[in-house]
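For reference, the chain that follows is the form predicted alone, supplied as C-alpha cells.
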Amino acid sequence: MKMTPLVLILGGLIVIAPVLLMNVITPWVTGLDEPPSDIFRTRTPIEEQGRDIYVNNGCTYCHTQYIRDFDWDIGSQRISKAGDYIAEIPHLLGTERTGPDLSQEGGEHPDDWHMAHFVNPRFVRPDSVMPSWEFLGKERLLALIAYKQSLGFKQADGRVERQKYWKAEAIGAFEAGPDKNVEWLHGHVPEPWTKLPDPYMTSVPGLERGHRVYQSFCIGCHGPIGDGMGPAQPFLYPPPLNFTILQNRGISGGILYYQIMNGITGTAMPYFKKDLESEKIWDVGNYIAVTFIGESDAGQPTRGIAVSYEPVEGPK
C-alpha cells in the first residue's frame, strides 16, 4: 500500500478512535446518569467564583483532585467516587501531583493559613515550589480559599466547622496570656504523652537533622529563633507559638512529638504525621527543646531492647 496523506490520516483515525471511545466518550455517556455521592452538595456563588479562578490560573496542572485506593497522603481517608464529580464541568481530575492532591482539602487548614500560603507558599511550606498568587488580590484570594475549603463537600464542611470552633478556643486561650495559653495547649495532649521522654540521646547529628527538618517545615511560622515571628506571622491569628515561653514548664519530648504529629486544629499548626517519619519528629522536637526552650528530656534510660543502630557503650 502506498503511503499517501489520505492513508496516513485514515490510519491515524483508526488508531485514535478506539482510544477516544474508551477514554472519553464512554466515561462521559455512562456518567450522565450517575447519582450524587453521599458527600456531594452544590457550591455557593463565592465557591464557584473561586473554582473559575482555579481553572483560569492552571492550578490543575500541578494538583489532582482524586484519591485512589492505594494512595497514602492528604485526602486518603476517602476514595473518590464518580458521584463526586457530577457538577464538574470541566472536570479537574488532573494528572500531576507536583503539589498535593486537593480532593479532600477542605478543612485541612484554617482560612488564615491559606491566605499566607497563597501570598507566599514559602511562608508556611519553606521548601514549596508553588508560585506566589498575591497578584490576584485579596478579594479573589478569598474566593479561591472558599473554593478550596469546599473540596470534599459535606465532609469538608464538617472539618471547616471544626476549624472554626477550635480557632475560637485557641484565640481565647492566647488572649488570656502565656500561662493560660500553655495550659490550654498542653491540656489537650493525652496524659501518657505528657510523661513520655524523648527516647533518643541528644547528639550533634541528631540536632543537625532536627535543624534541617525545622528549616524545611517550621521556620516560616515559628521563625529562625523560635519566637513565632516567621514571615507567615502577620497573616496568622492566633500567631505561631513562641517556643521560649515554654521554659521551666516541664515540657516533655512526648508533648512536642504529639503536637507536631497531630497539629493543633483551629490554629495554623498543621499535622505532620504524613510528612515526617517518627525519628524526624523526635529529632525536630529535640532540636526545638535544646535550641529554643533550653531543656530536653532526651536520653532517659532505655526501656526494653535498644534500637540496633544506636551507639553502644560497653557490651550491650
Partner chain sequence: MQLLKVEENGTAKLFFLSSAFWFVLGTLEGIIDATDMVIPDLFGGIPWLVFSRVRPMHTTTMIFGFVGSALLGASIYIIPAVSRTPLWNERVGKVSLWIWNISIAVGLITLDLGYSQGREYAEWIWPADIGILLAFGLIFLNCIQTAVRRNEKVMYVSSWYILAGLVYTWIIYFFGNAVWNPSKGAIYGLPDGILAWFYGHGVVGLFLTPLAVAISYYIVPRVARSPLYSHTLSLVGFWSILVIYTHIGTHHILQTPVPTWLKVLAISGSIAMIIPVMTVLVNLWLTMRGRLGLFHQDIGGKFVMAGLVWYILTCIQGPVQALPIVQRMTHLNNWVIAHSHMGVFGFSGTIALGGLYYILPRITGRPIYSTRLADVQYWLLLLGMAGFFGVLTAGGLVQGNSWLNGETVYRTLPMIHVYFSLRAAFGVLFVGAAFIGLYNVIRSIAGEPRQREIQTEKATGQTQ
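Numbering follows the first chain given and starts at 1. Owing to the predicted nature of the structure, the values given are computational and were not obtained by experimental measurement. Take the two forms, find the largest set of C-alpha atoms that superpose within 1.5 Å, and that set is the rigid core.
The same protein has a further form, the form predicted in complex with its partner chain, not shown here; the description that follows concerns it.
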With the partner removed from view, which of 284-292, 61-69, 261-269, 244-252 is the stretch that lies within 4.5 Å of its partner chain in the model of the complex, judged by heavy atom distances? 61-69
Glu47, Met229 and Val307 each touching its partner chain in the model of the complex (heavy atom, 4.5 Å): no
Looking at Pro234, Pro131, Gly172, Pro178, which has any heavy atom no more than 4.5 Å from its partner chain in the model of the complex? Pro131
Give a yes or no for Val312: in the model of the complex, does one of its heavy atoms lie within 4.5 Å of a heavy atom belonging to its partner chain? no
At the 4.5 Å heavy atom threshold, is Trp113 in contact with its partner chain in the model of the complex? no
Tell me, yes or no, whether Lys274 is in contact with its partner chain in the model of the complex, where a contact means a heavy atom of each within 4.5 Å. yes
Contact between Lys164 and its partner chain in the model of the complex at 4.5 Å, heavy atoms? no
Applying a 4.5 angstroms cut-off on non-hydrogen atoms, the residues of 95-120 near its partner chain in the model of the complex are Thr95, Glu96, Arg97, Thr98, Gly99, Pro100, Asn120
For Gly11, is the CA shift between the shown form and the other one at least 2 Å following rigid-core superposition? yes
